[in-house]
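First, one chain by itself in structure tokens, the form predicted on its own.
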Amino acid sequence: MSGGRVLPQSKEALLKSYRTRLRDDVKSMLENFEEIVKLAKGEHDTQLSRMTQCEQDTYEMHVRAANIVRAGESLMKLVSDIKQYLILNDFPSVNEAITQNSKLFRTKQAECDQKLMSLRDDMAADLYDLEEEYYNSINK
């Protein structure tokens, strides 16, 4: 299913509901768009007057356009739900990121410790040289 991982039953059901929502919303958008295109052709053989038919078609186009917008908003909500699910339930990647950051910071800490030790040794040597120069000078 998803990279060979076995998912618990609740995750399977949730992913199935996400797929169903996706299919339904895309299907709704497509069907409504196709109907709007059919209405735009204006090839109707009805018993209604031309003005009445035009008003009816306009109203139907508005309703279908609103259905397309609703389906689009539903898709955006689906994307938001999937992102939230991944953020809250993707523990392996969160743990991996924490481990990587921990290794990075330990490496940085070791580098800083090494630089500080080197700086300490250099300062101790310079201080020893300065003290020796001071105590051996005649201008104490």
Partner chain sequence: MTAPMERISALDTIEKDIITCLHSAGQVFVELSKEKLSLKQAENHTQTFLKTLSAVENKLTEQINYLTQVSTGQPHEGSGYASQKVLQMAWHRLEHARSRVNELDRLKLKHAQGRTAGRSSSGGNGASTSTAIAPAT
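Every value quoted in this text rests on a predicted model; they were computed, and no experiment measured them. In this text, the rigid core denotes the largest set of C-alpha atoms whose superposition between the two forms falls within 1.5 Å. Positions refer to the first chain, counted from 1.
Beyond what is shown, the protein has a form predicted in complex with its partner chain; the following relates to that form.
None of T58, T52, N95, T46 but one reaches within 4.5 angstroms of its partner chain in the model of the complex through a heavy atom, and that residue is N95. Of the heavy atoms in V63, none are within 4.5 Å of its partner chain in the model of the complex. Its partner chain is not shown here, and in the model of the complex it never comes within 4.5 Å of any heavy atom of A13.
Taking non-hydrogen atoms only, L116 approaches its partner chain to within 4.5 angstroms in the model of the complex. When its partner chain is considered in the model of the complex, M123 lines it closely, a heavy atom lying within 4.5 Å. With the core held fixed, the Cα of E55 is displaced between this form and the one not shown by less than 2 Å.
Taking the rigid core as fixed, one finds a CA shift for R120 smaller than 2 Å between this form and the one not shown. Once the rigid core is overlaid between this form and the one not shown, L22 does not reach a Cα shift of 2 Å, moving by less than that.
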